[in-house]
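One chain is shown next in structure tokens, namely the form predicted on its own.
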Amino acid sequence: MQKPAIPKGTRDFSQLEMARRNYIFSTIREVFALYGFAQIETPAMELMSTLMGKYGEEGDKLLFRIQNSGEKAGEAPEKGLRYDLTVPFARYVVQHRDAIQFPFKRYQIQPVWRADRPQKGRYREFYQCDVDVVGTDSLLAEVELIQIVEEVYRRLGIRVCLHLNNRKVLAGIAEVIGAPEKMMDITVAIDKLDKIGVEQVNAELLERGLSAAAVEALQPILNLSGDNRDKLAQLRTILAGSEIGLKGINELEVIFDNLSNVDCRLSVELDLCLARGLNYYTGAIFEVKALDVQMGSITGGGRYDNLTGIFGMPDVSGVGISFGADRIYDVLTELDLYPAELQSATQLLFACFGEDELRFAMQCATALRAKGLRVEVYPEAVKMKRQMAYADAKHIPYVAIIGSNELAEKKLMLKNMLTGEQDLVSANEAAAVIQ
């Protein structure tokens, strides 16, 4: 007999887990809507020509290819599962350009797939919650995205720090250390600094063809001290000879100034080691980490100035961030931050002693559902102990017990499962108590 199993890096979700996941999704969705973003969806599979070359050399290796798509081999374009939601979004914008209004503000909450090695906080199938705006160069878009991060994590109760950098600054750094052609190699390497340490990053830079002098010149830049303003001031001196580097510094200063203007309380830290390895970023880049849990990035994103250009629509700037729902789930679980009411989807269970009582319970349940209560009727008149055990196992907070006396009075015995208190009430009175 075959033993049931699922692929590594994927998961089943129980009823409680789905209640918790939906709490995350609904919280994020509500905040997105506050800022005028509307929802779209794109297919799970995309053409490989859409996906390849957008995620860097390492990212392209993690694409899931679809071997059998129901078409004869060689007669149809190769397909793959989407790696993220940003590239499919860029494809969507170009394909539907005549039907959308710019600036175009959208969000997506859908699964993505990566052929990665599963480990804590890293899955092969996971959900992303993306919010993007395209069709504007305004840095106020970055400020609003940071405000969204602040509001989402305030509502979820997670203390976080947002790390901020700019790819133009990284390009300027590559320029001033004499290795402008190695900008991508530098960003891919230093993006791993938190994971592998400075010595291994330096070794990787040398392996990628940087000279020892260039690697040495990079060290003081990676070790700037002081607050955000101090770092920017030091960096402005270091990058004085780089036009693109100074432009990146100017953009960061605008973002910090506007965050002060809207009284942002979120911890935002200038992090020159933040690179984000994806090739399409061109401006500000973000990464969010939880302060009270050892976990990788739980939110990330940035500015991409010409992602739509690869699909034939050049010079359309966009910026977006992605909330990693699965990592957020793990953080909330570890910190035990879920609301207690998520323990049960049902607010009230009817437990009955006989068939006549069951028929009355069905009438009451119908009326209470019309009032918006989540109600179950235990479908059999079995021993009361079994029905109460069912309510306990599902963490149902109230049970309406109906026996012959309750049926005669057209009432129910409402029991609070937490306190043990019970009262004889009408269905309407029960609704008032529960609500």
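Keep in mind that what you see is a predicted model, and the values were worked out from it rather than measured. Throughout, we count residues from 1 along the sequence that is shown. So that the term is clear: the rigid core is the largest set of C-alpha atoms that superpose within 1.5 Å between two forms.
Absent from the display: the form predicted together with a further copy of the same chain. The rest refers to it.
106 is the sole member of 327, 163, 106, 182 with a non-hydrogen atom lying within 4.5 angstroms of a further copy of the same chain in the model of the complex. Taking 91, 231, 247, 289 one by one, only a single residue has any non-hydrogen atom within 4.5 Å of a further copy of the same chain in the model of the complex, and it is 91.
Each of 22, 35 and 380 comes within 4.5 Å of a further copy of the same chain in the model of the complex, counting any heavy atom.
Only one of 234-242, 214-222, 193-201, 123-131 places residue heavy atoms within 4.5 angstroms of a further copy of the same chain in the model of the complex, namely 123-131.
In the model of the complex, at least one heavy atom of residue 363 sits within 4.5 Å of a heavy atom of a further copy of the same chain.
In the model of the complex, a further copy of the same chain sits within 4.5 Å of a heavy atom belonging to residue 113. Of the heavy atoms in residue 144, some are within 4.5 Å of a further copy of the same chain in the model of the complex.
By the criterion of a heavy atom within 4.5 Å, residue 55 is excluded from the residues contacting a further copy of the same chain in the model of the complex. Taking a further copy of the same chain as it sits in the model of the complex, the stretch 76-99 comes within 4.5 angstroms of it through a non-hydrogen atom at 79, 81, 91, 92, 94, 95, 96.
Taking 2 Å as the criterion, residue 82 counts as shifted between the shown form and the other one: its C-alpha moves by at least this amount when the rigid core is aligned.
A displacement of 2 angstroms or greater separates the C-alpha positions of residue 54 between the shown form and the other one, with the rigid core held in common. Relative to the superposed core, residue 115 undergoes a Cα shift of 2 Å or more between the shown form and the other one.
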